[in-house]
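To begin, one chain is listed below as structure tokens, in the form predicted alone.
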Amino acid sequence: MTSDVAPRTARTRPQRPARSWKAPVGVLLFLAITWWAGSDRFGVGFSLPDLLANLERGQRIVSELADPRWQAWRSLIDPFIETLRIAILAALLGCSAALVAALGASRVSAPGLRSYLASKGVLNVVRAIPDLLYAMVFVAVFSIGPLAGIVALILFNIGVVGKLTSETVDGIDPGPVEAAQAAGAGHAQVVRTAIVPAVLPNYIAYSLYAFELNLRASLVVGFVGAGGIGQLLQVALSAFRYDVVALVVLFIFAVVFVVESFSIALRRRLV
């Protein structure tokens, strides 16, 4: 009786792969670029001894930062309420305008090529300018106060939420859009009944994310006089009160952590 099992062939050891020259060249290139960026002649003059010397001179500042002035917590309440108002108003107004800009900046929902190019261009320009520069310009226009911070963060929200929402519109399922068009719906009806409901959960999630960013960004714009708790932080830094600076930083960290945790839980339910 013959066996149908094929004879076992001898297993040959796989050939060792050849050494690649890309990894050593990449490491050398990385080291060369790092040296070029930090050298005194070609770069910024980075020096490790100078860095260590500055760290030693900063021991007093570090010691004050490690001992926050807990007694001054009452002075944070009013600036924080102002920061919260700035973040809420900027999120509501900026994200509302961002939805309109996003619908115009997507080929799926734009009414025409001119509208698409104009909306896309506006979002690119708004997003290219940092929020701190916006704050400096509007402080010069509206003077020191929360109005400058609100307008700066409105434009910041338009750039962030508009970009994310327009990309979401580009990736929606084309089936409902084609069905609405086949039923004879006009452009506005297609947008209202097929496009907006499809992107609404993501848009709300992006708006909540923008509100989180506003709390952080208001700290930065406050440095140039745009109101909020950032202005208090700038005054404390100017007076070299690093114990108050530490208290402000810890307070902002706690608030942002609570708001971010709530926002993440809410976004998970929406998306």
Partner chain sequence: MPGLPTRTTSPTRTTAERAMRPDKPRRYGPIGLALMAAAAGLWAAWTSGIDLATVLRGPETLLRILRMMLLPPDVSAAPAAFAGMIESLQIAWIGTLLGAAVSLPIGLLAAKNVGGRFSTTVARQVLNLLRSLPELVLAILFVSIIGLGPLAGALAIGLGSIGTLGKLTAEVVEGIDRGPIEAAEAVGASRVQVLRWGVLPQAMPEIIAFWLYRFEINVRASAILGLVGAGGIGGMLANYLSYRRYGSAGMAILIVIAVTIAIDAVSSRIRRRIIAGPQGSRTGPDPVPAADAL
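Positions refer to the first chain, counted from 1. For clarity, a rigid core is taken as the largest C-alpha set superposing within 1.5 Å between two forms. A quick note: this is a predicted structure, and the numbers were derived from the prediction, not measured.
Another form exists, predicted in complex with its partner chain; not displayed. Remarks below refer to it.
**Student:** In the predicted complex, does each of Leu51, Ile88 and Gly171 have a heavy atom within 4.5 Å of its partner chain?
**Tutor:** Verified in the predicted complex; spot residues all in contact, yes.
**Student:** Examine Trp21 and determine whether its closest non-hydrogen atom to its partner chain in the predicted complex is within 4.5 angstroms.
**Tutor:** Contact with its partner chain, no.
**Student:** In the predicted complex, does Val220 come within 4.5 Å of its partner chain, counting heavy atoms only?
**Tutor:** Answer yes; at least one heavy atom of Val220 falls within 4.5 Å of its partner chain in the predicted complex.
**Student:** Evaluate Phe142 for contact with its partner chain in the predicted complex, applying a 4.5 angstroms cut-off between non-hydrogen atoms, and reply yes or no.
**Tutor:** Contact check for Phe142: yes, within 4.5 Å of its partner chain in the predicted complex.
**Student:** Give a yes or no for Val244: in the predicted complex, does one of its heavy atoms lie within 4.5 Å of a heavy atom belonging to its partner chain?
**Tutor:** So Val244 does not count as contacting its partner chain.
**Student:** For a quick check, can you give me the residues of 235-250 that have a heavy atom within 4.5 Å of its partner chain in the predicted complex?
**Tutor:** Stretch hits, in order: Leu237, Tyr242, Val249.
**Student:** Inspect the rigid-core superposition and answer whether the C-alpha of Thr34 shifts by 2 angstroms or more between this form and the one not shown.
**Tutor:** Comparing the forms between this form and the one not shown, which are aligned on their rigid core, Thr34 does shift its C-alpha by 2 Å or more.
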